[in-house]
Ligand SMILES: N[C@@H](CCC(=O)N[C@@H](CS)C(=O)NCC(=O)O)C(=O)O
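Just the one chain here, laid out as C-alpha cells, in the form predicted alone.
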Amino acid sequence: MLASLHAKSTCTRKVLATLAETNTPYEFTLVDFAKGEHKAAAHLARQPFGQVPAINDDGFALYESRAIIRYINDKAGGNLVPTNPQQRALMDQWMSVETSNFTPHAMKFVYHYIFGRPHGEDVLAAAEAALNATLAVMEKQFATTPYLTGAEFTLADICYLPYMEYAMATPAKLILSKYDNVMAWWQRCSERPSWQKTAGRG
C-alpha cells in the first residue's frame, strides 16, 4: 500500500494509527505542503482537493481519512469495527459527533496556538462553549464505558486522537482537564503503542 501523507496532518494521523493497529505494511510518500506539492498535478491526480491523506493499494485509489481507515481495517481483517450492528451504529454515531461537534471547536484552538492562524477572542470563546457541551456528553459516556462504543477500542476512538493530541498542547487543555472521565479515556488511548508511534513518541 502506497500512502501519500504528511505526518503532522490530523487526518494523516488517523490513517497512521489504523495502519499501526492493524499491522498493515505501507510505503510512506511525503507530500510537502511548504513546497506546494499538495497542489501539484501529481498529487491532484491522487487527491483532487489537494489534501492529505490518499492511498493507492495495488491500483485502488482512495482519499478521505474516514473512508481510508475503514478500508484498511476491513482489508486487514481488523477488529476496529464492531461486528454487532448496534455497536457498529454507535461507532458511526461517535464518528459523526467527532466530525460535527468536537473537531471544529477543538481545531479553533489548534489553528490559533499551533498552526499560526489566529482567531478572535470571540471565536475562541464560542469554541470553548461548544467544546464544553460536547465534552459533557463524552464525560457521561465514559462514566460507564472505557471507549466510545463500549469495552473495545474502535475507529471512533482513533478519529478523536489527532485533535486531542494537538488540543492538549494548547490552552484548551484547561477545558479538557475538567472532565476526569475524558482524561482517563485519553490516557488509555494515548498510551497505546499505535498512538505512541503515530505521535512520534515510540
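Keep in mind that what you see is a predicted model, and the values were worked out from it rather than measured. Just count from 1 along the sequence shown to find any residue number.
What comes next is about the form predicted together with this ligand, which does not appear here.
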query: Contact flag, Arg46 vs this ligand in the model of the complex, heavy atom cut 4.5 Å; finding: no
query: Thr154, heavy atom within 4.5 angstroms of this ligand in the model of the complex; finding: no
query: Contact label in the model of the complex: Gln141 to this ligand, heavy atom within 4.5 Å; finding: no
query: Touches this ligand in the model of the complex: Gly50 (any heavy atom, 4.5 Å); finding: yes
query: Segment that reaches this ligand in the model of the complex - one of 60 to 68, 131 to 139, 146 to 154, 168 to 176, heavy atoms within 4.5 Å; finding: 60 to 68
query: Listed residue (Thr22, Ser190, Asn181, Ser9) with a non-hydrogen atom within 4.5 angstroms of this ligand in the model of the complex; finding: Ser9
query: Contacts with this ligand in the model of the complex, stretch 25 to 51 (heavy atom within 4.5 Å); finding: Phe33, His38, Lys39, Gly50, Gln51
